[in-house]
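First, one chain by itself in structure tokens, the form predicted alone.
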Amino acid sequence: MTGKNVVVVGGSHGIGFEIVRRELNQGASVTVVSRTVGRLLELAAAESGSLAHIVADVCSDRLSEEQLPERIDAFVYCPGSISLGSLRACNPETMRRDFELNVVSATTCFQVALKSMSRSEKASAVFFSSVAAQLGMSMHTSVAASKGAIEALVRTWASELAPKIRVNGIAPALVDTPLAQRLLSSESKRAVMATIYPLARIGLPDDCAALAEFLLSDKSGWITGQIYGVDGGLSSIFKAP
């Protein structure tokens, strides 16, 4: 699609940043909504598309339609959290905070974008879940609950908005992003984490960004309401030691 307009919420670091890079490289006009500029200055002069940045905290700042492009062809919601802890240690504040970020703010941002997306001939939206939403994982009470909710909403919205707007989800396992640094703070931790996965490595941001690029493109024009695992095989393969 020529003249493609893309909105990426949470695109200044990690997976979101790589999605922005890929879309700019395809010549898209990308609007990033994030709290900080992060690594975006690296892209401003390096890629072929155009880049705009809206400074906002999606949990406390309400976006308006006037801030976004008049027509939106692709929408991505990337903010996430890794709130790990036992069931006994999980408290209502953590649950509310994760639900607010992963579910409520995803909904309100998407609502604001819908009018502009309805002006596109082929609009697509991508949201991020987690491998923990489908695979029972200890210490993931809050993450699994909020990401399970977003998976339900992906299917709900895909049904409600078809055939005009396609909606899909990506469910990563552990990806090497700033959000995961406390889990990957040493080479020994990285080595241990890598052994969990059948493909014997931790995920990279571009592993997820490549799939997001596909789901936002016309190449995935007959796909909606799906959740795709990008998890090194963790959710579906058992590899004996």
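Note that residue numbering begins at 1 and tracks the sequence as displayed. What you see is a predicted model; the values in this text were computed from it and never measured.
There is another form of the same protein, the form predicted together with a small molecule; it is not shown, and what comes next is about it.
Think of it this way: in the predicted complex, the small molecule has a heavy atom of just one of Lys189, Arg35, Arg62, Arg201 within 4.5 Å, and the residue is Arg35. Note on the partner interface in the predicted complex: the residue among Met193, Leu68, Val58, Leu43 having a heavy atom within 4.5 angstroms of the small molecule is Val58. Proximity of Asn5, Gly169 and Gly221 to the small molecule in the predicted complex is absent: no residue of the three has a non-hydrogen atom within 4.5 angstroms. Residues within 4.5 angstroms of the small molecule in the predicted complex, judged by any non-hydrogen atom, belong to 71-79 and to none of the other stretches in 88-96, 117-125, 152-160, 71-79. Among residues of the shown chain, Gly27 is not one whose heavy atoms approach the small molecule to within 4.5 Å in the predicted complex. A residue is said to contact a partner when one of its heavy atoms sits within 4.5 Å of a partner heavy atom; Ser130 meets this definition for the small molecule in the predicted complex. Interface membership of Leu84, defined by any non-hydrogen atom within 4.5 Å of the small molecule in the predicted complex, is ruled out. Although the partner is absent here, Ala210 lies well away from the small molecule in the predicted complex, with no heavy atom inside 4.5 Å.
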